[in-house]
Each structure stands twice: as structure tokens, then as C-alpha cells.
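In C-alpha cells, one chain follows: the form predicted on its own.
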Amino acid sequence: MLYLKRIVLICCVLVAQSGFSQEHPNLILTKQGVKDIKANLGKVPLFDATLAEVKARVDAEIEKGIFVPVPKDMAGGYTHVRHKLNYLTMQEAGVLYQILGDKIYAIYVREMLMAYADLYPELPRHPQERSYARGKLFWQCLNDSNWLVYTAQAYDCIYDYLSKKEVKHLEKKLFKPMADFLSVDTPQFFNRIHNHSTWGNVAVGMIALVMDDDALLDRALYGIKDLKLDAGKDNDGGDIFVEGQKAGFLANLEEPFSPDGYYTEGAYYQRYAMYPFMIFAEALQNAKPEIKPFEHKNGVLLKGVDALLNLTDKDGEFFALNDSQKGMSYFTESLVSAVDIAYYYGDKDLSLLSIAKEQGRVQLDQTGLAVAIGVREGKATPFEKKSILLTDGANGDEGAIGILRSTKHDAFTLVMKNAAQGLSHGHYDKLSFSLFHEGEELFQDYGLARFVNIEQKNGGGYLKENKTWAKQTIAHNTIIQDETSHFNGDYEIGSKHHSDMYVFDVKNPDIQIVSAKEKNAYPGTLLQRTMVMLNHSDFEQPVVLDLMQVNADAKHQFDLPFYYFGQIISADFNYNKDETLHTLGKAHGYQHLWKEGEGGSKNESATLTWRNNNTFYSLTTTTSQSDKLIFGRIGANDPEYNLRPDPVFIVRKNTDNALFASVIETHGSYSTVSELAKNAFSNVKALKVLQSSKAYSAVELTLKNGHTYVFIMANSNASKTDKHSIAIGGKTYSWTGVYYFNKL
């Protein structure tokens, strides 16, 4: 009996030393997960439908055969697209092998991996020399990391199908060299705080878990030790080395995320980074539960999923904060994965089931199975998007994103950006805003200047206009001084500063307020913007009151643009439309704006009305006789038609102290069938500035029905309990708290 025990013990030691001590799969799918899935096949409609869809897609690729071309193309080109399709198909084929048990899928993955193992050792860096971190399979290491994150999952799924000789061959010729290439051979890519590095860290970490390589896993979690990179910039102008900054997966959880789960680069890149963040956290939870990835930084990953879902409009599309491609939404695969994982490893939030149901598919693992079962059992509850403040910065003290939502069916959403620079994907747009009505942009943030994965447009990469236009202040709905971007458009300066939140008050659903200050964008100038969403019976729909207070130590030219959509219907001021187009300026984005017309108002306010999607909108803004009201359009100095020719209305003042006050209305409708217009005119008769100072901003709003209202904002005392009393025009206004709003 003792002899037999010794034999068993020796065998166990030999197995452990040979690298076959782990059971597989152990990353995303697990042995128990596969068992549970098989037991429920044909019983869970959402899961079964996803499985059928994936099977059809993979079967079609297997039928075509295996293609592993020598890399040469940029994004959108044949070799780029082929290698991307390969890793996506391998990952899905591996899952199908585990769930269905058909060896054809394992054979497909094995043969594909063997082809890569033959190709990879002889590959130089990619021939396209445009990236600060060139890959081998792709033009940048970022995409090589994508490949390894997905392929590691495929490898895990067929690991037990492979012979020991095949495992040794693949790890020696392909996986270990690729992990080293992405890390120690390209440290400027790997050892940073950036979404690129997150992908690199996770790629190395995922393959480390499959290979049971503790040294590689340590490198993935904590970065390359004792490494000091040379100062330099990435392709977007971001710093490669920051003194004292940590590196690795856990550091990328710490610094870019705020305690609220907001990712400083913005929603678009948070969406992109959430897949590696969440998929590696799931892998760690399965293979190394002692790391407790979902508990790190008070559960910031789970908070990040909630934050991302709140950073969407009524249709689920992400707000265009910083570099963002419009139309990206929570229907993307990375959010399908994130929602499922957050549900499974979080508190089983039933509202996430409603998002999954809307997405119409799940991740093919135990998390997706749990979600699909919850949907089948009718447990889904609505995910309610409410007004919310999402702080920025690792400690939540670097400004915030303020989101105001009307209580009426989420019809209106206002997004005010009062945050940090946002790393190299950040824009120079302090105190900017965008406004949505029924999921459509009423006032837009331009987003990025790029045609992602469209080869004809700069190989699918960022266009030069991203720097010369999209990042510049004039491309946003915020104030510009002397036709110069915030921080002079300097990344180093901008990265040192952030806006400061002043007030976020949404307790009263009829008067919601977000207010912030910016003191560093222009030295010697204090900017404060207060935006109020008012739900009042005197208006057909909620209105937005916009107060941009400017106090400077000298006179400057200040421009406040409003990027609207639609056809102008009327203006209550005189203007001339230019017969010849000229650019509005020479630099800082102004060179990309055509000046189409200019006017002015003899009254204290001016109203512009336009129609879009058969709804009427009006902007009433305070003016003086010296102010200029400018009509413009994007598209100047754009010989390759890289920019959208969207319109803009600009209020220009030359002053050292001014309150840019505006009211934004939504009213009426037009029927193209009956050809009748309803309530096509603004309800505002006049808007008047009563006081403009660092202490108070006050306006008087008079409606055509004869009602008059006064709104006063205390700009230097945000206390909810302090009392205020000021005299304006012979009348004294007294109140408690930060604002006053009342009918005269």
C-alpha cells in the first residue's frame, strides 16, 4: 500500500514538473462551466441562439480553409483583416470544441496555431513604420496584443487535445517569443498607463495563465521591474514615460479609473479597454482567485461597467468624450462580455439582464449561461439611466463628467465635461457640453477625425485633422479666448490641470444643476459654467439654461460656439450671408471653419430657430450691440474631405467680464404628411443679464405668455445652507443655498 502511494506521489510530481499540472480549460471556460453548459443545451434560448450564430460563422470559415499571410497592410488592408479574423475565429472555434466536443474545431485551431508557429520566428517588425510600437503580425503592438488575448483562450480550450510535443513546440516557437516581444522587447508599449498597455499586459497575462508561467504572470500584473524608459511620445502625443508611475495590469486599474468607475480617456476607449480588463479579471478569478481582481480598488471594474452604461444615450450609444467614434454602443462585443461578467461576478444586478436581452446575445461561458438563464426566467428589470456625476482621476479629485437627464422618458440628456485631460486621447475642451433629444444630438461633440479600419483613409488610422481640428477647443461647445485653444493646445500643460466641480444638484427633478470652474485654460481668466435643466409648465419640453461666466484680467475676444444640426428656420436679428467663403482664422482649428455669414442684434438677446428630424429648436442668447453672431461650417482646408461639413453658430464678445447666457428650447413639430407646423416659434420673448461677476450670475427670462423669471447663481459659495441677499435694479433678492429661481 505504501509502495502504491509512493508511485502516485512520484507521478504527481513528474506531472507538475512537466507543465501539465493545471486542468484546462481554466481561463474563461472552466471544466465545471462546460459541464453546466452542456447540461443546459437546448433549454436556454438566448444562449442557444448565440451558440448557433457562432457555429454558423466558424463553420463557414473552416470551409474556406486556413490563411496565414505575411503581414504587410495597415488597418483595413487584407493581411490586417485576415489576421484579425483568424484570432476571432480561433477563439470561437476553441469554445465550440469544448461545448460541442467536435474535434474538427480543435483540429482547425491546432493547424492554425502551427501555421503561426512556422511564420512567427522569422517575422521582423511590421513593414509599416508608422507606430511608436510596431508589431509583427500587425502594424502596431496593440493589435498583436489583441491577437494574443483571443488566441490564448483558443489555446486553453484545445490544450488537452494537443500532444506534449505540440504544446512544447507552440510555446517555444510562438507564445513565449510573442509574450517577450510585447513586453521586454517593446517596453515603451508595455510599461505605461494607457489602454494600449492594458491590452499588452492582459495578452502576456492570459498566455502566462495557460502556460502556468509565474514569471510572465508577475510581469503582466506588475510591469517590467527596474525599467526606466526614455522620454518620448506615442502617436497621439502622449507621454511614454512618466516619472514615478507604476506599470502593469493592476496599475492600469489604479490610475486611469476614478473611484466611480470612469476611465479618464473617455467612454469610447473605456469600452475598448473593458474587454481585456474584464476578460483577464475573469481568467484570474478562475485560475488565481487569491488575486481577487473584482475586489481591487473597491470593485472598480464592476463600477466601470455601470459607469459605461450610464455614459450612453437613449439608444445605447456612447457619449463622444475625447477621441470617440460616434455610433459605438453597448451592442459591441466588448460590452456583451462586460455585462455578462459583471452580472456573474457582481451582485447579480437584474437590471443588467435587460441590457443583455437588448444586446440579443451572450458570452459563451458560464457567465453568459447565467445571464441567459436569468433572461429566460423573466428576472430582467429595466436599467434606469439617471442623472449622475462621474468623478475623474485616480482619487476622484480631478473634475468630473456631469450628466443631467430629464425625468420624462429619458427624452433629454445633457453631458458636461469638467474633467482631466484624458491622456493622449484627450481634447482641449474644458466646460464643454453636448445635448441629446430622444437619442439624437441636439448640440454635438465632434468626436474623433478618423475612419476606423477604412484603408483608403490613412490606413484606418487617425487623420492629421484629429490634431488640427477635432482636439482643438473651437471644435467643441465651450469658450475660446483669442482664437487659441485651452492650454495653448499643449498636451504637457493640459495634463497638469483639470476643471473643478462646483455644484452638482439633481435632488429636484424639475431644477437640475451642474456647475464647474476652470482657472488654468487661460492664465488670468476665470471661467465658470453653470447649466440648468428646467422642467416647467410654461414650456412644452424641458429647457436648458446655460450660464458661461467669464472674468479676465484684460480684454480679450471670446467665442462661444454651438454646434447644432438641422435647417435654419428663422433669426430675430439682422445678418448677412457671405457671397464668398473665407476661413474664420488661421490656427487652433479656426483654419477648418468657413465663415458663412455674420449678424448682430440691437436688443439684449437674439433668437435662432432651426428644424431637425421634424422638431423645432431655438437658442436665445444674451447680446450687446457690439457682439457678433457668426454662422460657420466645418470643412475649410480639408482637401481630402476628411471632415464633416456640420454647421455652427458662434457668439463673439470682446470683453474682460461677461456672462454668456442662453436658453435652449425644444418645441413643436412638423408633419411632412399633413404639411402642418405646430408651435414652430420660440416661447422666449427676452433674455437679459441682470448681474455678471465672480460672485453672482443673474438673468431675467421673459416669456411670450407674459411670465417673467429670475435665476441667480452664487458663484463663490456653494453652501446649501448659507443665505444670500443682493440688490439688482432696485429690487432685493434673498434666498438660501447656491441658486435662486422664482417668478416675478
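Just so it is clear, the model here is predicted, and its values are computed rather than measured. Residue numbers here begin at 1 and follow the sequence given.
Below, we turn to the form predicted in complex with a further copy of the same chain, even though it does not appear here.
S.K.: Determine whether any heavy atom of residue 126 comes within 4.5 Å of a heavy atom of a further copy of the same chain in the predicted complex, and answer yes or no.
M.R.: No - in the predicted complex, heavy atoms of residue 126 and a further copy of the same chain never come within 4.5 Å of each other.
S.K.: So, residue 635 and a further copy of the same chain: in the predicted complex, are they within 4.5 Å at any heavy atom pair?
M.R.: Residue 635 belongs to the contact set for a further copy of the same chain.
S.K.: I'd like to check something about residue 294: if you look in the predicted complex, is any of its heavy atoms closer than or equal to 4.5 Å to a heavy atom of a further copy of the same chain?
M.R.: Judged by the heavy-atom cut-off of 4.5 Å, residue 294 is well away from a further copy of the same chain in the predicted complex.
S.K.: Test of understanding: in the predicted complex, would residue 377 fall inside 4.5 Å of a further copy of the same chain by heavy atoms?
M.R.: No.
S.K.: Let me test this: is every residue among 52, 103 and 175 within 4.5 Å of a further copy of the same chain in the predicted complex, going by heavy atom positions?
M.R.: Looking in the predicted complex, the three residues 52, 103 and 175 all stay beyond 4.5 Å of a further copy of the same chain (heavy atoms).
S.K.: At 4.5 Å between heavy atoms, only one of the stretches 258-266, 211-219, 130-138, 576-584 reaches a further copy of the same chain in the predicted complex; which one is it?
M.R.: Stretch 576-584 is the one.
S.K.: Between the options 241, 539, 565, 670, which residue brings a heavy atom to within 4.5 Å of a further copy of the same chain in the predicted complex?
M.R.: That would be 670.
S.K.: Within 4.5 Å of a further copy of the same chain in the predicted complex, heavy atoms considered, which of 382, 289, 523, 327?
M.R.: Partner contact (heavy atom, 4.5 Å) among the options: 327.
S.K.: May I ask you to list the residues of 614-644 that have any heavy atom within 4.5 angstroms of a further copy of the same chain in the predicted complex, in sequence order?
M.R.: Going through 614-644 in order - heavy atoms within 4.5 Å of a further copy of the same chain in the predicted complex - the hits are 616, 631, 633, 635, 638, 639, 640, 641, 642, 643, 644.
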